[in-house]
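Single chain ahead, written as structure tokens, the form predicted alone.
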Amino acid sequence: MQSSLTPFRVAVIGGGPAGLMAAQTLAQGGAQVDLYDAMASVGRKFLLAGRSGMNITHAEPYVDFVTRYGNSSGALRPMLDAFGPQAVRDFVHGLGLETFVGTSGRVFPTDMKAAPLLRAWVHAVRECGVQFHMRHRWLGWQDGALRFSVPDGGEVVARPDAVILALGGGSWARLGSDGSWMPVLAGRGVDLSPLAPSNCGFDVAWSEHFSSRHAGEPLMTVAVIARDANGQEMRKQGQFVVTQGGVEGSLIYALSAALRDQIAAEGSTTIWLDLLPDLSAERVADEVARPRGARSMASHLQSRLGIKGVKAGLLRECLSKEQFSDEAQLARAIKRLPVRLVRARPIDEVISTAGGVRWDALQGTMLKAAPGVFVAGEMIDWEAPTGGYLLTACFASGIAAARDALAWRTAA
């Protein structure tokens, strides 16, 4: 066992939420911590995520919260039990910021901004004694030492007692999480799953006529019917946006894992849109069939059902002339309009990624193939929808990795 008088030196590589939480927890546990990041400042993706409102966690009942991680719920549960949604709010309050619960159950700082939270947090981490090393890009190991490239074109090495890797997934490479660690860990014999897009949009083969008129338009009240991993239909209501080449937005992101996997297995997949989710199929059929006199069908749909703009455009895009002219087929399509998705958007532009270090490659959060090396955050093979779930698990896994490292030192 190491002497308690010997400083326990830990390198944390990655300055996102998981890395910052790991560094702070280690320092509070008495470790000597050096935090390395390839960027000029920490938390770049954190700041981007908060640009439209810093969603830190979710206030739904905890029994429901933990199910949002799908197949990884069991592996993440101990981490979330130790640092869950209420702990996230308490942590933010401890930094001097208040929080509130939005109408959707999402939790935000009162001012909705990420920058004040990050500034207060980085100050607290520095106050713990953590040393920051910016513009240090990790290159891997050489003779047991960590190698980093630095801005002058040279390299530096470090020989800590333990390492926590918190390098993120593969999305938004310009902000630091580029997945370049995958071949490094593969070279050490770590079992990895390929990185895949998560919380992503999808490409659709829209016609030029449709995309030129409706790209960027939101579908504010709509339901999507899709198949889950078992082939059973699932239905979610919300909103999304038609893009130049496809669809994106919160409703699509919520279904993206299943849709991505179906495309990988089958080459494409189909979703069905309920353009009027608040009306029954019978009501829609009755309104479509009402006498319309000299009015066009488009005018009739707008008058009787409020269908116009992008919703009207979708009907024209996805139905043949004959189908659009047939009242029964048109009514059915308003409630169940098929849209074929051909591919997920590229990893670099999606919100998060699935894949990475497999759970069975870990003992706790330590790599079985590299004792003394721990991983946290999106590097591990889990995924979750937007709504504060991603950030909460990053916090929780950073703390778990730090505690595992401190326990490993004690047992060494």
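Bear in mind that the values here come from a model prediction, so they are computed numbers and not experimental data. We number the residues from 1 along the sequence you see.
There is another form of the same protein, the form predicted in complex with a small molecule; it is not shown, and what comes next is about it.
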Which of 172 to 180, 72 to 80, 227 to 235, 272 to 280 lies within 4.5 Å of the small molecule in the predicted bound form, heavy atoms considered? The stretch 172 to 180
Consider residue 31 of the chain shown here, and say whether it contacts the small molecule in the predicted bound form, taking contact as heavy atoms within 4.5 Å.
-> no
Using 4.5 Å between non-hydrogen atoms, is residue 206 touching the small molecule in the predicted bound form?
-> no
Contact flag, residue 383 vs the small molecule in the predicted bound form, heavy atom cut 4.5 Å | no
Looking at the partner-bound form in the predicted bound form, is residue 390 within 4.5 Å of the small molecule by any heavy atom?
-> yes
Have a look at 344, 367, 350, 27 for me and say which one sits with a heavy atom within 4.5 Å of the small molecule in the predicted bound form.
-> 350
Using heavy atoms only and a 4.5 Å cut-off, determine which of 126, 137, 332, 113 is in contact with the small molecule in the predicted bound form.
-> 137
